[in-house]
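The chain below stands alone and is given in structure tokens; this is the form predicted on its own.
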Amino acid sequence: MALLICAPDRSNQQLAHDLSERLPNTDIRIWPEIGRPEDIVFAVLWKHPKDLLSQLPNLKAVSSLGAGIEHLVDDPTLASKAVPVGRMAGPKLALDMATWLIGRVVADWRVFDEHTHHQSQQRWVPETPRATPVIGILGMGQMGGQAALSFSQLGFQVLGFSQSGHGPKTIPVWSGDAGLEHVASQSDYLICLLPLTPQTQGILNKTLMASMKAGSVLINVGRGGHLHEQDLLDALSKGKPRRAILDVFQQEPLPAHHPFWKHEQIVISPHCASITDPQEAAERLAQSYEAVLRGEPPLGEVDLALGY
């Protein structure tokens, strides 16, 4: 039996090494050197070739190497195999996302950029903090739930939205179109952490932005496909939102000619709000592999039909 790592856009040697330390008697292979395909029972995937899974007749389970699973949802072979699917969304990944979001919100709310500007001009301009903002979080899964709890523990009022209406017990959560509009209309910072599904594709559009508060901030750390880019450019000119903070994009890296690069009301970062920690990934994947051998699903099991 063998474990296959397939993530063509990154180096996988360190992950394989860390896995071998935790699974010393396991045959660990890195694509494209897959060896005998019939040996592979567990595959760790990220943006894998679409014909790969059809070559693995004895596959028992797969896991995404990241929190997203769009590359798995889009693979028709996987659905036909009917094997359990997991994903890498451990506690550290979720906490890293929460701290990144807190940093971005606090920096904007407490106008840190203005302090830096005043320093460059040798101006002494004390700022009176605005009222504590309301934080709206779209998506109440592991990542969104942790972010919601982290903001709440710091004294922010947090409103949640999820398609199911479920979330952490201490966070009020809305669902449906009316719930989405309510959260958007009440939030000073609206954060998207939804999974990307056919239902959420383009959800950050002109309709949603029209319902946002004047002077609010839109933050997208979900997926680039959530955002209708032209709608954002149009909405920024109207002040709803007044600013956008974006970590994910429809095309990555962001093309050199893209208008987001030089837009004064857009802050961009290169899809780095939360990056899978190699040690956490190796530990969770080792646990997933051992669970699969026992006939159990991998950690972070998801429903391909729902897309999360």
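The structure displayed is predicted, hence computed values, not measured ones. Start at 1 with the first residue shown and count on from there.
One more form of this protein, predicted together with a further copy of the same chain, exists but is not displayed; see below.
With a further copy of the same chain left out of view, the stretch that reaches within 4.5 Å of it through heavy atoms in the predicted complex is, among 26-34, 258-266, 39-47, 65-73, 258-266. Each of 99, 115 and 275 is positioned with at least one heavy atom within 4.5 Å of a further copy of the same chain in the predicted complex. For residue 127, a non-hydrogen atom is located within 4.5 Å of a further copy of the same chain in the predicted complex, even though that partner is not displayed.
Although the partner is absent from this view, residue 92 contacts a further copy of the same chain in the predicted complex, with a non-hydrogen atom inside 4.5 angstroms. a further copy of the same chain is not shown here, but in the predicted complex it comes within 4.5 Å of a heavy atom of residue 106.
Of the heavy atoms in residue 282, none are within 4.5 Å of a further copy of the same chain in the predicted complex. When a further copy of the same chain is considered in the predicted complex, only one residue from 238, 110, 166, 206 comes within 4.5 Å through any heavy atom, namely 110. This chain lacks the partner; the member of 119, 80, 170, 201 within 4.5 angstroms of a further copy of the same chain in the predicted complex by a non-hydrogen atom is 119. Of the residues in 126-158, those that come within 4.5 Å of a further copy of the same chain in the predicted complex through at least one heavy atom are, in sequence order, 126, 127, 129, 132, 150, 153, 154, 155, 156.
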